[in-house]
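Presented as structure tokens, the chain that follows is alone, the form predicted on its own.
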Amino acid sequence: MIIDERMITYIHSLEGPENPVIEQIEQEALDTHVPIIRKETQSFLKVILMMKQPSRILEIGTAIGFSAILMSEYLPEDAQITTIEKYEKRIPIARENFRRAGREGQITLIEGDALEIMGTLSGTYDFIFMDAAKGQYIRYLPDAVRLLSDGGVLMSDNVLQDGDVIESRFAVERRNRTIHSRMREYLYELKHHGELMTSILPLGDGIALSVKKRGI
């Protein structure tokens, strides 16, 4: 736990109700143990979207579509979201959730490996939300930077791995060491990338918020 549990509970208690369909999908995800963004991360994401008001959004990691639908509630009416997912069992659930939320015309789901798909994308995105396989973030980064517009925002979730990222690799379970080392590499690259300005926040399971510098 990055932040005291009592503090998190208090912060959660301040949240107001969400769109009923979003609340239903969130509860279904919790009941079936599908990982979705945490409450405090949701709140932060909504504020960033309201400030930025992006028109083209790329999401890396759809899962069951919860975060894409949540984002759609806080975007301009003509904004478009492209989201990528390769886990076949979750794709039909996500599509059905987009239908339930009435967002089929706003959210486009592309099936397949994110690294391969990102390489085929063109144009730029005002906002990129990265919430996929944590060990792959470092591999997604070059295309994420390429696809991000000047002044665009890259938000990466789960970057502190419940605090494990600060531990020595030998203090981390052997099966998690590759993800641990790759995430540390990713965070270092974000902070030292010539085209990005990044802040790493101990919010939820850790967020990295990066802005692409203009004119570089």
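Numbers for residues come from their place in the sequence shown, where the first is 1. Here the structure is a predicted model, which means the values were calculated and not measured.
We do not show the form predicted in complex with ligand SAH, though everything after this point is about it.
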*Determine which one of 49 to 57, 143 to 151, 30 to 38, 187 to 195 lies within 4.5 Å of ligand SAH in the model of the complex, judging by heavy atom distances; exactly one does.*
30 to 38
_Under a 4.5 Å heavy atom criterion, is A133 part of the interface with ligand SAH in the model of the complex?_
yes
_4.5 Å heavy atom contact, G112 and ligand SAH in the model of the complex_ = yes
*May I ask you to check whether I84 falls inside a 4.5 Å heavy atom distance of ligand SAH in the model of the complex?*
yes
*asked:* Since only the chain is shown here, I'm wondering whether A63 would be in contact with ligand SAH in the model of the complex (any heavy atom pair within 4.5 Å).
replied: yes
*Non-hydrogen atom within 4.5 Å of ligand SAH in the model of the complex for each of S67, R90 and F129*: yes
